[in-house]
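In structure tokens, the next block holds one chain alone, the form predicted alone.
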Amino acid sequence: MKNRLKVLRAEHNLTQAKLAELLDVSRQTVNAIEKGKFDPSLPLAFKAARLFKLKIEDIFQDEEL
């Protein structure tokens, strides 16, 4: 799954550690999602969308599309 998490994090001047704290996950989870090694759960995707005030599909995209 492609995502814009790293770009959004940088635009908001957040470290991986700070974003992880805001999303209530580990920094390693944020890193894995940013690198495409891990797909977020639906609740985590909703949390990220609310945090950045975007729709889930504005952050995460299915690679088949």
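One rule holds for the numbers: they count along the sequence shown, beginning at 1. All values derive from a computational prediction rather than experimental measurement.
There is also a form predicted in complex with a further copy of the same chain; it is not shown, and the following applies to it.
Using a 4.5 angstroms limit between non-hydrogen atoms, H12 is distant from a further copy of the same chain in the predicted complex. Contact annotation: K18 falls outside 4.5 Å of a further copy of the same chain in the predicted complex, judged by heavy atom distances.
In the predicted complex, a further copy of the same chain lies within 4.5 Å of some heavy atom of D39. Contact between V7 and a further copy of the same chain in the predicted complex is not found at the 4.5 Å heavy atom cutoff. Contacts with a further copy of the same chain in the predicted complex, taken as any heavy atom within 4.5 Å, map within 1 to 38 to M1 alone.
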